[in-house]
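Take a look at the structure tokens below, where one protein chain is shown in two forms, each on its own, as structure 1 and structure 2.
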Structure 1
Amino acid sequence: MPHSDGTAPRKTRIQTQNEELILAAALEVFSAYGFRGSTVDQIATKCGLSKPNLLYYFRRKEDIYVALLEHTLTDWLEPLRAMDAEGDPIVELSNYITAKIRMSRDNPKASRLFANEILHGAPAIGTFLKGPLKELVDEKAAVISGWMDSGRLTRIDPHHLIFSIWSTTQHYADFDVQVNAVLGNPPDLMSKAEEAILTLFIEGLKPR
């Protein structure tokens, strides 16, 4: 029930904890069975709540799915938002690339869930992609372009640079089966990947 001033009531600690519990369980279920193959009953069982209790927080499976994608995007986009136009471009881009590769290492299921949504035409988050995501990417592309204009980075299309960072870092989550088939799942896989990706981008972007 909204407050009289139109704002949503503040969630209690238990409500916040239960929503996080539901989203964590939903990630496991959607990752295993896909959106169409998953059910609210499976998610309720996974998180240890009754189905009526779960439906108190999310009315439909679609609502859980969208909330999970929004949660994932919020986490993923935070390092891009943090890119500081006043900072050193090599440091700022290094920090961004490092954050992205570590997100793939620490939460690969979220990356694969997002990739599957995109491969199906982004029916749940298409509006977000064309709106807030595009606005943020355009803003940071302008920052990168400014660094290039001042001679602090080698000239390259900034939008395609961002796309390349996304695809290279998320490869280790989305295609982990292929990576491990080739490399045999070594314990230092992600540390070596981080080193290689940073060298690839940063050495290529340093002004000549």
Structure 2
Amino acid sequence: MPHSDGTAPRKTRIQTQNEELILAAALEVFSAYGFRGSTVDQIATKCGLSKPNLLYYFRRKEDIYVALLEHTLTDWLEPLRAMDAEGDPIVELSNYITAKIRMSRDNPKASRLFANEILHGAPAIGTFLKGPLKELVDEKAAVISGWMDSGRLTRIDPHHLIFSIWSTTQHYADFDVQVNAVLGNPPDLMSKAEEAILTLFIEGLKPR
């Protein structure tokens, strides 16, 4: 077992390397088939390790899953954190929306991983949602609310505005298959989507 004397969990070169391999493979598999739909064998095969070897690094299937979620959660919220109360509302919101939709484009698997987790009741990250996530959202909702108070944005419930941004942007990752079925796999999908979503939110939120 890789070290457990209570102090420093210092990792071997092989250890960090294989853990990265495993998490990368796990993202592929879990995002495609969900937790129950994925097997340890699939993940092991995908990263070229034997099943017992994989279970040497992560003792249980669930440990891989949780590690993977934690590993990507921070990045996932970065764009929202970056929204600056001192900045111009229109610019800040545009940047946020653009950042979110590009995450959908560049890392759809992470989006689908979360979507699946939440869809099934967020058994692994429920406390995170009620804690850190809620705090961050409340904070940023207050910022947006401030912008609306000063008349620089049309008034809308800021929490629901955030939900709307999340849903529209993540839709292109999570419902990828549906979008492409309806649109017939156009090459410039995401830039068109970005344009439409920005128009909807930004033009819609500009005060008249």
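Residues are numbered by position in structure 1's sequence, first residue being 1. Between two forms, the rigid core is defined as the largest C-alpha subset superposing within 1.5 Å. Remember, it's a predicted structure, so these values are computed and weren't measured experimentally.
A.B. asks: Only one of structures 1 and 2 is the form predicted alone; identify it.
C.D. replies: Pick structure 1; the other is not the form predicted alone.
A.B. asks: Whereabouts is the hinge between the two structures, that is, which of Ala115, Asp138, Asp176, Leu73 sits where one rigid part meets the other?
C.D. replies: Between the rigid parts, the switch point is Leu73.
A.B. asks: Note the number of degrees the smaller rigid part rotates with respect to the larger part between the two structures, based on C-alpha superposition.
C.D. replies: Value: 18 degrees, smaller part relative to larger.
A.B. asks: With both forms fitted on the core, how large is the C-alpha shift of Ser38 between the two structures in Å?
C.D. replies: That residue's C-alpha sits 3.0 Å away in the other form.
A.B. asks: Pro52: how far does its C-alpha move between the two structures, core aligned, in angstrom?
C.D. replies: Its alpha carbon moves by 6.4 Å.
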